[in-house]
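As structure tokens, one chain now follows by itself in the form predicted alone.
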């Protein structure tokens, strides 16, 4: 007699469906099922306890099991259900992420350049500092589920603690997952892990081809590799017997996915560790305010490392007030060259001295291109993207480019509005900084690291190799160089314009600025006997982020920020859910946003449980239009997520009321408010 099963289908539908099958079939089995006009939809069996249905309802049959996919473990199904419920995304689409992109390879493959080639030499382990020993012991004491926040200053040796913990986990016959921000998936960290654990590391990240990713996925699933390192998507690899999960740079915003399933990799990793009943370590020199609050209130166990290894000093931080630079005109002290507007005399002099000593310089600016915009000095015309509500960025002296939709045109000096030859670049970008450095230091080898220059993994590997071998004298880059990199000869870091991002319309702007400044500063002098140097050029020297970053004082910064968040009832003292309404026609988008807000207020009036929820908006997004689509936002805020979640579901309902060509997306715990 056929038995009924519940199947989650790989489709944008909120419901799961009941199907029958004449033979027993296990939970987690990948299957093909008929769905409406689709003959063979993919799905996964999530329950063999289907509720009784009316006899008049004809139950369709599962076509067959999918032989190319493994059976998903029960823990993964439970985890996927949590993701689906918490982030309000169809379960079938969540489960689809748990499979490799391609069928398993049938032929023996050749070694590829992206494969990890292990070192077979036995490495001498470095001596641990007292703080490393203490943290290692504190984390190791309880092998069961606990969230450990490893808070260590830059250069304190957090990675060595990770490696020792992994040794312990593997010695117990367990597997482990290490996730890092995509931007930090450099050959440096991969090399360090694979050298310590020869032939035990699988790697999953976005630079792999689908075939390479599939091969690495199967090596981890089959247990042939015991350590899986990757970006947030590596969590979906259905690895069993997990004894440890590590989230490095846990504060990184790139752990939050902005498209489709809008999940936070750090929070998803915590839930996965809970289901596996194993410890999880969150590491950072600048923890997120949420994680710091969890540690302060006892939800997480806090482990601190306040000193660099071998008692190396933190860098000397120098604040350069750019307003003061302009008023005193210090550049006149430098008679032999004409300094560009963005470069202070102090930083120029420090670069000179560093190069004389045959040491390396890194200049950081979180803006690509030659200039962030162009402007007509006669009429004020600005070149804007026709698809996005943003000005075009100047590249290579005469190319204007949109960083959101890739639209581009050639720059003409004649203004298209007033026809005067008065178009001029405004501001500064990494490309211009590199050009200016070539002019000032023609003998120096200068490289640039941004998304325009570094487009492949090979580009990044070559850049890192040049820095490690000392062939590069000056490195100019965006946040690509801000963290995760460790260069022995780098002793001077300059933040060209630290103000970028400080005054964004986002309550997290101060936190992000502090983290970025601290992380960039932490690249300097990591291996030198004398302290490295950091020069922070800014128009806001008294800004909270800069004052605390100069002293490397995370604790006071975080506690001050928590006071502000508490007063304003921002996370972690509340829960946010953002509704993003998008469409081709602004009038439809605006009307949909207003209807959504009206529905929220009606629900508040009807149900007493929703009384304390705040409905904020709707309002146009700070960037109104991206890729031709208009964008509005509605926020709901409350101190209890258990109240916010059902309200969010009721707000959308069946979604049939949403006009055609208009989308409403839910973003739980949003990080990107632009």
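The model shown is predicted, which means the values in this text are computed figures rather than measured ones. Residue numbers count along the first chain shown, from 1.
There is also a form predicted together with adenosine-5'-diphosphate (ADP); it is not shown, and the following applies to it.
- None of 478, 129, 434, 344 but one reaches within 4.5 angstroms of adenosine-5'-diphosphate (ADP) in the model of the complex through a heavy atom, and that residue is 129.
- Think of it this way: in the model of the complex, adenosine-5'-diphosphate (ADP) has a heavy atom of just one of 175, 156, 521, 360 within 4.5 Å, and the residue is 156.
- Interface membership of residue 192, defined by any non-hydrogen atom within 4.5 Å of adenosine-5'-diphosphate (ADP) in the model of the complex, is confirmed.
- In the model of the complex, at least one heavy atom of residue 160 sits within 4.5 Å of adenosine-5'-diphosphate (ADP).
- Interface residue remark: residue 378 is not counted as part of the site for adenosine-5'-diphosphate (ADP) in the model of the complex, having no heavy atom within 4.5 Å.
- A residue is said to contact a partner when one of its heavy atoms sits within 4.5 Å of a partner heavy atom; residue 221 fails this definition for adenosine-5'-diphosphate (ADP) in the model of the complex, lying far away.
- Shown alone, this chain has one stretch from 136 to 144, 76 to 84, 500 to 508, 524 to 532 that lies within 4.5 Å of adenosine-5'-diphosphate (ADP) in the model of the complex by heavy atoms: 524 to 532.
- Along 286 to 318, a non-hydrogen atom within 4.5 Å of adenosine-5'-diphosphate (ADP) in the model of the complex is carried by 309, 310, 312, in order along the sequence.
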